[in-house]
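As structure tokens, one chain now follows by itself in the form predicted on its own.
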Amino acid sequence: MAGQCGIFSFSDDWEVARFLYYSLLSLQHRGAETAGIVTSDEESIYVYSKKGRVDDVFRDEEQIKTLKGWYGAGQVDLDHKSKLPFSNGEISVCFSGRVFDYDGEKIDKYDDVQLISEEITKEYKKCDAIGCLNNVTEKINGIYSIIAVTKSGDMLIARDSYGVQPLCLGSLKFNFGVVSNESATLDVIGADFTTDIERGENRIINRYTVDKYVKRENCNSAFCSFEYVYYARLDSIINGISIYECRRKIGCELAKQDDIDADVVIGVPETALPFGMGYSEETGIPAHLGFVRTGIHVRSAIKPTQTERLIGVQLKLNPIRTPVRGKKVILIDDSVVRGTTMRNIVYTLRLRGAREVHVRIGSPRIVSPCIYSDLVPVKDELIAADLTDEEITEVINADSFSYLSLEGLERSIGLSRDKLCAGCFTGEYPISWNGE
């Protein structure tokens, strides 16, 4: 699932493009394959998007200056085929998720954002902004978050009834309204958190009002479990839950499942550092910083090719010799998808002198792809789908290996399974084709 943000200034004295640029930088971890910004001044819609990281796509200062206007939106994506924001000159849409069918008609992947854009444009010509958004979202069978910018001065915001992807609202004093997937974006640009966009909620922001319409909720929430394990920033609050505290509790849960004689606990940066702290807190085994990052911040698990994933690991993780030399190491990471990068990490620890390496994973076994995004690959690429813990131990050349239990994850998040989407761990999804 992508990273999205929107900013609406209540005065046309502001230019929001640079604020959107910094907002996208705060969401870079949600996708480094494409980046785009759309703005408007009620005369035209200005769009620029390209493959690459945010700071590369918008390296040229003149490019930022061409994005005129006091309201706009932006998106980063982990899909290199993404063409977002999608614009038709009247409305530009930042879309994340998956529409399976619209008004009963099956929709192919990559056609959904164009379809939603066209439908919003069609409905917008027939009724007011909130009526337009309500009419469109009532016909969607799928998982989505939408931030759309119109040339007429409205920003349209929608979150699906299950709330799989997070979305929150904030303000920068009385100057801006801000929407983003993560509260950390608000912090970065100096805005204050106001509220989460509720599941099933549609909102309209313009110079005169912030209107809200909440559809009748006929289903349980299905907040994405992987947001809490891996996807979201440590400094974010997602659906009212602190990501840092959740990950610290994951470490405590891992320790309660364990009985390993070890000398040091090491969490893999950045996501698993709180796992290691929680594990150490529960067991009394000291936690140390075991790796130094080199190069740019690369989330290797979501790179599109195996070569890029391996290079990403080498770029970001260079083991520190002193904490591991001659030691029995408990190595904690957020997840194991294919196993190749973890094998590489274990190998480098042994090269630096680790006597034993016991791998603990802060998520349950990933046995099924994410059908709502490209975050988790197809089942054939998932090491946990076919191998036992003992077999994975041999594959990655560790001394032992185990996952967090699904019950342990629920306790760490503080939500029961019927409130979460755990499809990648169970193969059961809240919604798919034809609403099944």
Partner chain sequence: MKILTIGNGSREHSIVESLAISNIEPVIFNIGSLINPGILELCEKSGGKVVRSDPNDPKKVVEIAESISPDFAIIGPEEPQFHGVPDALLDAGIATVGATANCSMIERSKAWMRRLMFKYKIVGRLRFKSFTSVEEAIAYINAYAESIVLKPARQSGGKGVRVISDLQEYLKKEKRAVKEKHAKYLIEKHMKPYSDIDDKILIEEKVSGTEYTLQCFSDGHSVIPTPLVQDNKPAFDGDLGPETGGMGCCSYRDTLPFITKEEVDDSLKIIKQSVDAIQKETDEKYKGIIAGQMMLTSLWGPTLIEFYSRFGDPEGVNVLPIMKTDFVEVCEAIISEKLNKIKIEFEDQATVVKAIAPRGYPDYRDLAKGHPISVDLKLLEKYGVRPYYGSIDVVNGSWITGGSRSIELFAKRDTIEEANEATERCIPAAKLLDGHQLFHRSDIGSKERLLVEADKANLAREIYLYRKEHNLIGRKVDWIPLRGKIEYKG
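Model, not experiment: these values are computed from the prediction. Numbering follows the first chain given and starts at 1.
Keep in mind that the form predicted together with its partner chain is not shown, yet the notes after this line are about it.
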{"query": "Option from 345-353, 238-246, 187-195, 264-272 whose residues, in the model of the complex, bring a heavy atom within 4.5 Å of its partner chain", "finding": "187-195"}
{"query": "Any non-hydrogen atom of V210 within 4.5 angstroms of its partner chain in the model of the complex", "finding": "yes"}
{"query": "L169: touches its partner chain in the model of the complex, heavy atom cutoff 4.5 angstroms", "finding": "yes"}
{"query": "Contact of R18 with its partner chain in the model of the complex (heavy atom, 4.5 Å)", "finding": "yes"}
{"query": "In the model of the complex, N206 touching its partner chain (heavy atom, 4.5 Å)", "finding": "yes"}
{"query": "Option touching its partner chain, based on a heavy atom within 4.5 Å in the model of the complex, out of G278, P85, G163, G177", "finding": "G177"}
{"query": "Partner contacts in the model of the complex for 1-32 (non-hydrogen atom within 4.5 angstroms of its partner chain)", "finding": "F10, S11, D13, W14, E15, R18, F19, Y22"}
